[in-house]
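One chain comes next, on its own, written out as structure tokens in the form predicted alone.
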């Protein structure tokens, strides 16, 4: 198997976090690629026509994407145990979806400012994405702290990746303000070996 990835992608980081947590990072070949919506660059469009990351190429079937499909596959393939049994499963999947939504909004802000010329950028669009992020993080603070503190699963890893991406690409956004519980959790969680091994960097 080959994982197409990028050290700056929060979605790709989520997959690599899973592999690290399962102790299987060396069992999957990785290839770093890069691109964006207006220039596919080296993105693996031959195996993922959407030209998005991450993408997992397999020898015995079509490539898998997006990140939620890949993490579920890897968890079953390696017996990782990152997807708990119901009823916690549905909470875990919802938490993952919330974190993925934060990542998506944060990435779209980056694309808006980097992929469009200055006169074509929409401040209203950027503001709308920031509102989504604010709402989601406030919900994490108000409703999800017991889950975040209750053991590592795919939802918890996704939140770790999302918060790390905000610090990486949006350092001026003080997401910790008025979210003391979430900030305290993140300060501890980021020390995990898997988090340290996957810290985002510019390619």
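Just so it is clear, the structure is predicted and the values come from calculations on it, not from any experiment. Residue numbers count along the first chain shown, from 1.
Another form exists, predicted in complex with benzoic acid (BEZ); not displayed. Remarks below refer to it.
Of the residues 165, 144, 65, 175, just one reaches benzoic acid (BEZ) in the model of the complex with a heavy atom at 4.5 Å or closer; this is 165. Using a 4.5 angstroms heavy atom cutoff to benzoic acid (BEZ) in the model of the complex, none of 90, 92 and 156 count as contacting. Using a 4.5 angstroms limit between non-hydrogen atoms, residue 9 touches benzoic acid (BEZ) in the model of the complex.
Not displayed here, benzoic acid (BEZ) is approached by residue 107 to within 4.5 Å at the level of heavy atoms in the model of the complex. At the 4.5 Å threshold, heavy atoms of residue 111 reach benzoic acid (BEZ) in the model of the complex. In the model of the complex, no heavy atom of residue 135 sits within 4.5 Å of benzoic acid (BEZ). Just one listed stretch, out of 82 to 90, 126 to 134, 111 to 119, 68 to 76, contacts benzoic acid (BEZ) in the model of the complex at the 4.5 Å heavy atom level, and that stretch is 111 to 119. Residues of 166 to 199 placing a heavy atom within 4.5 Å of benzoic acid (BEZ) in the model of the complex: 169 alone.
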